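As structure tokens, one chain now follows by itself in the form predicted on its own.
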């Protein structure tokens, strides 16, 4: 299946090729034609399955038919739970808008920064990506109007409900015009999401994409006990001494991802960091090079790890442990696919010992822990 076969306009087909989207994912293949038909959609698919492009592409195409609207009257509203996702979604809209034969303006708004520049940015805006709280603040300031709104999208609805945004979302729904197309995307179909679906969606097309189960039996796991200050030297030693050619390294923050990548490069190991603060183009370029074997090490956070899908990835290194055992399994699940064995290495500091024990218990698998002090490295 190609993007052209889904009914996308030639300028969007060119944009997908430019952004290195080779072929549609399952959620894109099923959702794009339905959205183009103007139907409401309930999309249930795991994080990293391509949900953003699944709605961004047909939304952009639908805006070509717009006649001019009044200033500060937005056409499309995307609600998201976090500022990181707001910025990421906006980057996707902008990256797909480079080949358009018409004008399209998108913007992300969220709390934690001054509201004044965001109020000014509402001038002639088509697509607004917002966290619920900041959207209500802007509306109360009369910064934008909803009379011309033709489409509402809820991205990661389950997270918005888990983070306690239900009251804000209900207030927002009451402000919107009744006649509009609604798209609801979520990683899970919880009772709360089903409740919103019943209120929000009009005979929706339901699309479900199941997450691929991770078979940890295919993954050779080993852990190293290591002090905090020795993590960097140990990482470089393992990559060099084992002649690792394609390594995915996980950190718990964007700052640490940048630090690890920078130190690897200073020590002659080609590495790039990929996280939410990098531009969409930069992330796509780094991932393409890594997938094609032209980049030795990719350092990632959990936020973007779910979008990394490589048929045979030989090495995954947990430089820092994730918060949940589920995220740990997802991390190491990047390797050991399609009956190809893979290796997952985990760094465990003294402070991590208890948490790593919990992860092993949840995973139902004991991981041998070696003392890094027995290795010859500096």
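Numbering follows the first chain given and starts at 1. What you are looking at is a predicted structure, and each value in this text was computed from that prediction instead of being measured.
The same protein has a further form, the form predicted in complex with adenosine monophosphate (AMP), not shown here; the description that follows concerns it.
Using a 4.5 Å cutoff between non-hydrogen atoms, residue 21 counts as a contact of adenosine monophosphate (AMP) in the predicted bound form. Interface membership of residue 48, defined by any non-hydrogen atom within 4.5 Å of adenosine monophosphate (AMP) in the predicted bound form, is confirmed. At a distance threshold of 4.5 angstroms between non-hydrogen atoms, residue 28 is in contact with adenosine monophosphate (AMP) in the predicted bound form. When contacts are judged by a 4.5 Å heavy atom cut-off, residue 346 does not count as touching adenosine monophosphate (AMP) in the predicted bound form. You can rule out all but one of 34-42, 48-56, 348-356, 322-330: in the predicted bound form, only 48-56 has residues with a heavy atom within 4.5 Å of adenosine monophosphate (AMP).
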